[in-house]
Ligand code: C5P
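One chain comes next, on its own, written as structure tokens: the form predicted alone.
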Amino acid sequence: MKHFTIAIDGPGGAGKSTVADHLAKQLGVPHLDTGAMYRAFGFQALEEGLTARDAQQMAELAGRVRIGVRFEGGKQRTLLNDRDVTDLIRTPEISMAASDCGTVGEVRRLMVAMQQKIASEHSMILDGRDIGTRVLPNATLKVFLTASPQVRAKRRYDEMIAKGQAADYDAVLADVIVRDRQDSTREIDPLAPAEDAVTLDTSDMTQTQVEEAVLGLLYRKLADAEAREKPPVKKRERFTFFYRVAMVFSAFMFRCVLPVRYHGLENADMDAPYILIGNHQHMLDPFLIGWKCKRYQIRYLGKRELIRNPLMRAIHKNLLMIPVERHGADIGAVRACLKTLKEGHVLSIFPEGTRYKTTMMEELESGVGMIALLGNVPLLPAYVTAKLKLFKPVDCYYGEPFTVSDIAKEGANRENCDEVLARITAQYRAMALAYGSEKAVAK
């Protein structure tokens, strides 16, 4: 079972500690009785003759007292300055002193910090009066147990009699009512159910019924959390035959023959549609920057000369190439690119339109700016630090995706196209500064 915490809050006598003890045994986790920690503090204050309502005295005591817990056989032992006081702190007098001390900010800060540290180490059940609201605001499950004052007083009375302690029901009831008022009206962390807590009135419930109800709530919470944490199944396109061949070719080529070290692959795992752009130095650059974007078959712009041969035409058609005239505006190619993006695919473009010897962007084609403006999808920049060479590794960096939405809202005109191209150039200059050579940046 994954890590979890259960926060059980409620007034005194609601059965929090008993329920938490039994649940802890069933689940095989510790139960931290936070009330016992406050009782230990109140016990020390009484032993020293301090006034529990004196904030200065309580703050000073909080600065030097040592309260700890250990678990033996699944049961908590509460320590006060290394002394086991577990069996000394269950009296009405100590109960009231604990409530008084708990109204002091320094005391509560001390206790909350200790309880949070303990609960962070492993799965655990905590009960108290501010667990869900203060100690564990992100608890897996928050339960607020309550019952009528009369029922709670009777439970406390029976508990004291069973332990051989002298008890008077009317006096116990009066203490319950006083403590309820004090806990719910104190200025710091008053007793109240957390907004996302489940309230259970146990007045007419057996202990078994309460435990079964809490267990049911926990299992539902854990199941819901597991369902939320499952990573969504990311969309993957079915590849055409020659694209699968190209992927195998690329895997072999860029691992063995023309080795490439890839960086920022998490950026290449983004959802479509988007435009993959890259600097262009080698004829294999489309494969180099494209094969790591493995979720989608990338549509790409290719010069029309590539499809003059019937065989090459069939191959590039199967690869879903978008043919483009190299010189002049090719409106048909622009429309095909926009259709590709509108249908939710990935489009690959080399903004320079042709290969250059340097790693920096040279002259960018204006059509790229137009497609970026009209498509208005993220651009994923891929930067290759050097030209491919046999058995000599080069690096390919996938940068942070960026958009030109702010420019696109002003319309698609020549001026805005130039601004898009300037942004692309600036992006690659920054990547060259971060990953490339000084020579590349200077050029």
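The first residue of the shown sequence is 1; numbering continues from there. Given the structure is predicted, the values throughout are model-derived calculations rather than measurements.
Below, we turn to the form predicted in complex with the ligand, even though it does not appear here.
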Is there a heavy atom of Lys154 no more than 4.5 Å from a heavy atom of the ligand in the predicted bound form? no
Please tell me whether any heavy atom belonging to Lys339 falls inside 4.5 Å of a heavy atom of the ligand, as the geometry stands in the predicted bound form. no
In the predicted bound form, is there a heavy atom of the ligand that lies within 4.5 Å of any heavy atom of Gly399, even though the partner is absent here? no
Check Arg186 for me: does it contact the ligand in the predicted bound form (non-hydrogen atoms, 4.5 angstroms)? yes
Of these, 137-145, 307-315, 67-75, 96-104, which stretch puts a heavy atom within 4.5 angstroms of the ligand in the predicted bound form? 96-104
Taking 4.5 Å between heavy atoms as the contact cutoff, choose which of His280, Lys292, His345, Arg108 touches the ligand in the predicted bound form. Arg108
Partner contacts in the predicted bound form for 116-150 (non-hydrogen atom within 4.5 angstroms of the ligand): Gly128, Arg129, Asp130, Ile131
